[in-house]
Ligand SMILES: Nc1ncnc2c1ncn2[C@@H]1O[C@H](COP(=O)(O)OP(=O)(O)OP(=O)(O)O)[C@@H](O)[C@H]1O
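In structure tokens, one chain follows: the form predicted alone.
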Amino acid sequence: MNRTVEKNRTLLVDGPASVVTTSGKVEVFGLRMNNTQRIVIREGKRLPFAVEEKATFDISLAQKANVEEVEGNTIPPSWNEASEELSTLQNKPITAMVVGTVDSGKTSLCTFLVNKLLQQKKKVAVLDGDIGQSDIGPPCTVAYTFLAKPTTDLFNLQAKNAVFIGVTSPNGAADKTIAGLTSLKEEIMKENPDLIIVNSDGWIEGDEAVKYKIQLAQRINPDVIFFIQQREELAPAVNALGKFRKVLVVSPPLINQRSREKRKNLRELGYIKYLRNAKVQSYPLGWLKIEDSELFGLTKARANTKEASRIYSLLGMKPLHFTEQSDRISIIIGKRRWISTENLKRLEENTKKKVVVIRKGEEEGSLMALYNTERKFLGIGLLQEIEYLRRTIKILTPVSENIAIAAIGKIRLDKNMKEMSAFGEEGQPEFPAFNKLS
């Protein structure tokens, strides 16, 4: 459909949709639109087309898409002030960190700042630390890239490198997330950037969240922190980060509030993007270094023959595979096997260790990260099967070569790329365990 919008008004378009400006002057997050330039808006995202001179649009809306026209520019004046704040800083490189709650406009502000900086011919990197709503890299990763030209959606960019965290929130994975972001910033610094824009996650409320943001800021060491405040929800974090230069900015008045289900749907679009053209590939377990594999008993902490015999006796059966660690024993059994509650209890009492029982097949759909020997991120995959007797692992992935390291996350996907219950998710057992299998 064609639509004409007068000067000093904004067209808000919710995807999935595409928009072409056929006449007039229009800006999207600081990016000046060219006539005939097509902008594709993915599902769950909203773009503001700010009209500076009467404009005509050619709009295509898919199901669930929406278009709305409002008075004025929805980009808050404080965002322009934030951009000007960066220009006052003299050191190089400048690191700016963006902090805010879920759906406060963090990614939009990052996009706006990047576009303004590119207009000044700056060399800009974006470091994406929002593992639950990753834009630069796949979901469950922290990632970075350099931008060659302005953009309306960071999701369209290609990651230069990433670190797999394996979960959708830093809650419970704070140290791993901070270490990943720190290592990526060090890598960015070697490229001699003018500015680094760090987008953080939306975990901000509560003592643990504030503690995490303090630790993250201490390691990233930003020159300025932009806090996107909607009410007073950021007050504890603002106060706790007293030693850093802080700038409060306003959340856009018509921000697109997404439900937890919609945020999950956005992640699933990310899985689809990074698993496109995937195929099942088989690797001998000896060829790959498998990380975070304790869940499926792939560690090397295997008991000796005498200890194995004792465990078999206590279990009353010989499992398909088992691994003994300092604090637990992982027992892998066939799909139609079972172990009595009494025998499991006896094994725990005798070994003084937690016993985790997993049925073969539970591994299917587990999200994985794949790296080369230099630990360069190659992409993601889905664990399809572990063949314990043949000592092979099957992975669904578009990555076809140079894989040396595979890390297993706590997220599982079904055949339609939909998230299933995460291992260790709140309200779920830490690992799928079966006292009695039917």
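Quick note: we count residues from 1 along the sequence shown, nothing fancier. None of the values given here were measured: they were computed from a predicted structure.
The same protein has a further form, the form predicted in complex with the named molecule, not shown here; the description that follows concerns it.
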| property | result |
| --- | --- |
| In the predicted complex, the residue from 30, 409, 381, 48 that sits within 4.5 Å of the named molecule by heavy atoms | 48 |
| Residue among 360, 246, 263, 353 with a heavy atom within 4.5 Å of the named molecule in the predicted complex | 263 |
| Partner-facing stretch of 211 to 219, 175 to 183, 113 to 121, 252 to 260, counted where any non-hydrogen atom is within 4.5 angstroms of the named molecule in the predicted complex | 252 to 260 |
| Exercise: residue 95 in contact with the named molecule in the predicted complex, heavy atom 4.5 Å | no |
| Proximity of residue 74 to the named molecule in the predicted complex, heavy atoms at 4.5 Å | yes |
| Proximity of residue 364 to the named molecule in the predicted complex, heavy atoms at 4.5 Å | no |
| Contact flag, residue 267 vs the named molecule in the predicted complex, heavy atom cut 4.5 Å | no |
| Sequence-ordered residues of 97 to 115 touching the named molecule in the predicted complex, heavy atom within 4.5 Å | 101, 102, 103, 104, 105, 106, 107, 108 |
